[in-house]
Structure formats: structure tokens, C-alpha cells
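Here we start with a single chain on its own, the form predicted alone, put down as C-alpha cells.
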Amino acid sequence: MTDKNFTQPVIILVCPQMAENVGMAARAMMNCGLCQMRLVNPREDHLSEKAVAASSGAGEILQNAEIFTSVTEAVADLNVLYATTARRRNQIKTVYTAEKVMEPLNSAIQSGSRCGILFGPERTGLENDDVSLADAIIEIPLNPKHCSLNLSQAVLLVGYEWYKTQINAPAEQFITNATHPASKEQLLKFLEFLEQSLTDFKNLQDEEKRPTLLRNLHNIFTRGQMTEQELNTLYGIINHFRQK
């Protein structure tokens, strides 16, 4: 048995049927920075060649997975348990989305509680007795006409919501690679150059249309987050046509 890591939720797969799905679940866990897997009565060998191949480099999680003969044994050392299911089984439970459950889950972990998340077999999902052991249910809202998920997909969706709370990923980034965003001074110089290059443009000669046309040109380039490299490219194109 490996050293337990309770700074993150334990992922518990109950009676998984296919070794490939266990391998893909390990891959999903590795994607999301989760490392502790527990298996309850897996039907196939989780260390088989097909499981390891499906893990796509996450074999370490399979190697360290703990095997249990019952759900009660697998969750005995935990303080807080969540059950992922699309069927509420007529039980009185708080139902969270995968996103919303992360607040109470992280709060529990930070207070020192040992937390786990149950995932049921591919074909039937968790049984009533399994769900009854959980403090609350995690439900992933999907198309009601087809809400069936592969085991690894369910692990990935829940795992990703947890991982998002562990990183400070920017919601949006402007990638400029080797260049830099153009300054307002550079942009205004380019617009002045563009205006000078369009002196023979009929609409620009029309005093009534000129202000609107220039304003539209300004908006095109100020809205586009131009880079220095892009301005240099436009300078080259305009000079090419001027020479012609």
C-alpha cells in the first residue's frame, strides 16, 4: 500500500468492467493532477498490457492503485465521500454539479478531512447501497435524452473541475510569440501612413465621408490588438502597392 495523499480527493472506481477504461481513467486523473486510485473488485487486471497502453503514460497511477473487495472497505478511512451518478436512486441527498461541489470538497480537504469520489461500473453505475454511503451526490448535467458517460469521461469531467481550483489559469491570453503588442504611438503612426497612402481614394477626398471613413479605419486596427510584426507586414504590403 502506498503512502496516502489526502491533499486531494481519492478516486474510487467501483467494479470497473474493462481494463482499458481503468487505464483511460488513470490517464484522465494524470491530466488533472490526481494521483490516488482505488479499485473495488475490478473485473480485469488493471496492470494488463491493454490497461497500461490505454493509460498513455499514466502507468504510475495504475501501479500504485489499491485494490479492495468492497466499497465499505475502500472508503473506511475517509471522512467525506461523494458519489457520482446520473440516477439519484430516490435518496435524500444534496446534489451538486461537478463545478459547485469543489467548494465544499476543497474546504473539507483544507480542514484536514479525507475525501473520496465514487464512480460506478460502466454499464449500471453505482448501486443504491453505494450511493447511501456518500455524504452527497455529484451530478453532471447533460442532454437528458443521452446522459451516458464513459467511465474515464466522468473521471475527467470531475477531475478537471477540481484541477481548475488548484491552478491560477488566466481566463484569456493574447499570445504574441516573438513580437510585442504595438503601442498606441506605433499604431497612430501607421494610421497616419495609411491615410497618406490613400490620398487618391475617392471617398477620402469627400469631406462629408472622410471623418466616418477614417474613424472606421481606426476602429479596424485598434480593435484588432495589432502587434509590431503585423504593422511591419502592413507597411510592406502598402509600400508594395504604392510602388505599383
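Predicted model, so just to flag it, every value in this text is computed and none were measured. Heads up: residue numbers just count along the shown sequence, starting at 1.
This protein has a second form, the form predicted together with another copy of the chain, left out of what is shown; the following refers to that one.
At a distance threshold of 4.5 angstroms between non-hydrogen atoms, A58 is in contact with another copy of the chain in the model of the complex. The closest heavy atom approach of Q173 to another copy of the chain in the model of the complex falls within 4.5 Å.
Contact check for R114: every heavy atom lies farther than 4.5 Å from another copy of the chain in the model of the complex. R27 belongs to the set of residues with a heavy atom inside 4.5 Å of another copy of the chain in the model of the complex. Here the chain stands by itself, but in the model of the complex one stretch of 45-53, 195-203, 177-185, 209-217, 177-185, has heavy atoms within 4.5 Å of another copy of the chain. This chain lacks the partner; the member of Q110, T124, N128, T94 within 4.5 angstroms of another copy of the chain in the model of the complex by a non-hydrogen atom is T94. Contacts of stretch 131-165 with another copy of the chain in the model of the complex, defined by any heavy atom lying within 4.5 Å, are made by I137, I140, P141, L142, N143, P144, H146, C147, S148, L149, N150, S152, Q153, L156, L157, Y160, E161, Y163, K164, listed in sequence order.
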